[in-house]
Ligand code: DCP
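First, one chain by itself: the form predicted alone, in structure tokens.
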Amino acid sequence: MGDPVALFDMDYFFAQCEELRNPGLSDKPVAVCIFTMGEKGAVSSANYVARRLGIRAGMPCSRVKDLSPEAVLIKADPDYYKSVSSRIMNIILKEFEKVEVASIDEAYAEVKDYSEDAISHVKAVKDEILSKVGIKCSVGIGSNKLIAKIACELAKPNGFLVIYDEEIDKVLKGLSPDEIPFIGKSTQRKLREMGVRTVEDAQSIPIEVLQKEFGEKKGLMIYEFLRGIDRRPLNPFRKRKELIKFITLNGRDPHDVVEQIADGILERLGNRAFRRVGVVLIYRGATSSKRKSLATWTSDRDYLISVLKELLDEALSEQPGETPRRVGGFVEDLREVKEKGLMDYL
């Protein structure tokens, strides 16, 4: 086996971000909703107070008040959540050599070994995320991404769990197939139809039967996952859809940090160009953002700075008299280029 893997998973992330912005929500049932048409929408994230009342992700927002008249429904604020995520991921990226950012609220990191020093380092990073960003997370450590994910799920909320190699079989046999990550709901349903109730039941199914039922490749994956085998490597080069850089102002004029933001973005851009630019302003109780699509792909520093300043002025004009705490810039619609010349972007 390779080096151990740690998974950092931010607990009820969107709802916890709202609690961070408004601490008075922490003891109330909170549901963050994504609205698609008018007032129709679904719950994207719910805090644990809400979950104890039966409020779950994916539930229609219209049902939330039926379950709890005191529930606080909040419209999702993606730009704000990205700003919090960026601060968290920067901490993890700083502390580990090999990191895979799996989503806005999850990151895998390669751990040197199972030594006391290595485990203590992971715990220290978890504590740093809480002390510097204010977000609680659960952390699981295991021999691969699958076991790290299982450990993380068992550790929730705000927990820390290591599953050592000699414990894998015992832990797996205590689970149901529904609790094995990365096995989809349709596969879980089919396994139940096959009479499977526990992972131990599923382990008795020959690989040939699984491959006949689910196909050769997927059948092998299920067979191995049921035994704690996960051959997927950490993918630190996972392509991101965007690059974002935030700076806390501490009383400075937002215009004074535009060049620093641009340089922070370009430092991580590598051999890529962008076609959309945006800014985000974080105030005490609100977030303002602006985006602009460009005529073509570019990575020109002066052009990026000019667009950021233009969008910054637009965003500031919407909150006259208000002073933002943090300002961020981001680029989207990224594209690999061979050489950073104009013809590559046309």
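In case it trips you up, residue 1 is the first one in the sequence shown, and so on. Quantities reported herein were computed from a predicted structural model and do not represent experimental measurements.
Just so it is clear, the following notes concern the form predicted in complex with ligand DCP, a form of the same protein that is not shown.
Would V331 show up as a contact with ligand DCP in the model of the complex if we use heavy atoms at 4.5 Å? V331: no contact with ligand DCP in the model of the complex.
Flag E18 as yes or no: does it have a non-hydrogen atom within 4.5 angstroms of any non-hydrogen atom of ligand DCP in the model of the complex? Result no; E18 lies far from ligand DCP in the model of the complex.
Test of understanding: in the model of the complex, would I34 fall inside 4.5 Å of ligand DCP by heavy atoms? Contact with ligand DCP, yes.
Any of the heavy atoms of W297 lying within 4.5 Å of ligand DCP in the model of the complex? No.
When ligand DCP is placed as it is in the model of the complex, which of 228-236, 172-180, 98-106, 139-147 ends up with heavy atoms within 4.5 Å of it? In short, 98-106.
Partner contacts for 7-24, taking ligand DCP in the model of the complex and a 4.5 Å heavy atom cut-off: In sequence order, D9, M10, D11, Y12, F13, F14 come within 4.5 Å of the partner.
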